[in-house]
Each structure stands twice: as C-alpha cells, then as structure tokens.
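Below sits a lone chain in structure tokens, taken as the form predicted on its own.
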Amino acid sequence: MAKLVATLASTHHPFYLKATTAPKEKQIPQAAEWKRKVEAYRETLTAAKPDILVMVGSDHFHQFFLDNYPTFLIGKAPRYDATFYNEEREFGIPKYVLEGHEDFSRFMHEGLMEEGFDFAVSHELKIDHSIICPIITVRPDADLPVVPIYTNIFVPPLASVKRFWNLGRAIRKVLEAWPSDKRVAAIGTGHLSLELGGPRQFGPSGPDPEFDRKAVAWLANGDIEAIFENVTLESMVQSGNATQGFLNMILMMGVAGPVKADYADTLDLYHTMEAYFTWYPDGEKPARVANARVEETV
C-alpha cells in the first residue's frame, strides 16, 4: 500500500518569490529571514523523499465564481497548466506545467466518494497560486506528479469546520489504501487571519493577532477539540474577511491526525502571519530535520 510520508500545511503568500529575488535595495526588511525560514521548511519535505504530492488549495476566482463554485473538486488530468495572467503581472509568479497522476487521482476520487464526499471532477483544471506557492517554496523544481484537490473557502454556504476535518481524515484513509509502493506527501495551504480589500488589510500584522496566536498553537499541538470549541464560519469572518482559508489548515491537520506537529514556524509580516507546519506519521521525523517550533507563539 502507499505510504504517507509527510503532511505539510502552510499559508500561501503570492509575493514570496518576488520579495526574495528582487534586488537587495528593493527587498522588504523581512526578505532574508523569510527566505531562510522557507528553505528550512522545504527541508521537511525533501527529507521525507516523496514520490507523489497530494496538493490541497482553493481557486481564487480564476476558474470558478459565485455562480459555479464546487465545494470539493479533484483534478484527474495527465498534466496541469498553472499560473494565471494576473498572478504573473501582480506577483511575478512564472508559468508552470505540473505532471498529474491519473491512476492515483481516479483511486482518490472513487475512494472519497465511498467515504461520503461527493467530489466534482475536472480533466482540464488550471491551478493558481494556492498550489503553485507551495511548489515554489517546498518543491521549486516541480519534478513530482501531483493530485490537486480544490476546496471552497470563498463562496457561501461553506462546508463546516468538522466537514473539513473529516475530509482530511478521509484523504488519509484513501491515500493509504492505494495499492502502490509510492511514497506520498500531502501539502495544503490556507490562511490565518486575513483581510482582503477591507479596512484591516494593511495593518502592522494580521487583522487578528490573538486568533493567529491561538491558531498556531492549536495546529502545532494537534488540538482539534479546541478548534471545534472556538472556530466557526462566523468567528473566522470576524477575524478577517478571508480567514476562512483556515479551513484548509484544519483539513491538513485532519490528514495528519490529532497529534503534535513535528515542525512549526511562523513569520509576522506587515499584514499577515505566515505559518509552516509539518507532521510525520507515527513520529517518524527524519533525523536531519531540525525542530523549529516557535515557543512564543506555541
């Protein structure tokens, strides 16, 4: 059977590449630290030696809009074009073509249906920065096949917190039932507190630093009960109009299970907190991966 070798959950900041490759005199003050943290995080995936990546993200109204936005969708294509024009123009993200894995996508689709998740499917999916950002940060060579999964974190009605958690548990179950000797890593991105286009967008930190502090601790400690007790679709909106991206972080913790993260790190930027988590199954952390847990936030 296939082996889950690592689960990664992070924020996806579209300006990372541009911010860290600009001429020194044009870089933001945090650029060097940001690059160092991302490269350390990258090692948590490299050390796991995956063969295939299950990638969880959300379309930022590039292909789906208010009139047609699937709750959950899986790609079943042999390859995936990536990066839309506005992402090239605004963020400096280059175009990519990612290899797919049709057999694994088919198995995942059928298995998740059996687990009670009625996925939409696309054979022509083009992916945006919710998946390309983690490719840039943790697998910049883009040399592994991917199975992309999209979730709806934008268009009401949204699936519940528990539904996202349960989907993560189902992904883990189906993944490990795949009759293959492949090593699979699951990577998903979302947000902590985040405001887009609202009055709290450009503050000195994320719009709700208290939520960010608690969210990092919940994820780092695998405390799903605290999430169930404190996080609702309504409360996330109060923390910032795009904070529902935290649902994808919950989904990834569902893949990992209610266990402490083997790696947790954060970086507070001027309008958002970046966060990076890695879980290894059964505590099988590769020896060369240092634990960068951020004590003051955890």
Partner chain sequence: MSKYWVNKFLYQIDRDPELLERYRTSPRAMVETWEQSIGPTMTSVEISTVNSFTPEEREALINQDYVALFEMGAHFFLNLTLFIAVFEEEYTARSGPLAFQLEFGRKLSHWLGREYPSVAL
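The structure presented is a predicted model; accordingly, all values stated were derived computationally and were not measured. Positions refer to the first chain, counted from 1.
Note that the form predicted in complex with its partner chain isn't included here; everything after this is about it.
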property: Three-residue site 62, 195 and 242 fully in contact with its partner chain in the predicted bound form at 4.5 Å by heavy atom; result: yes
property: Non-hydrogen atom contact residue 211 with its partner chain in the predicted bound form at 4.5 angstroms; result: no
property: Partner proximity in the predicted bound form: residue 201 to its partner chain, non-hydrogen atom cutoff 4.5 Å; result: yes
property: Contact of residue 165 with its partner chain in the predicted bound form (heavy atom, 4.5 Å); result: no
property: Residue 156, heavy atom within 4.5 angstroms of its partner chain in the predicted bound form; result: yes
property: Options 98 to 106, 78 to 86, 142 to 150, 178 to 186; stretch whose heavy atom lies within 4.5 Å of its partner chain in the predicted bound form; result: 78 to 86
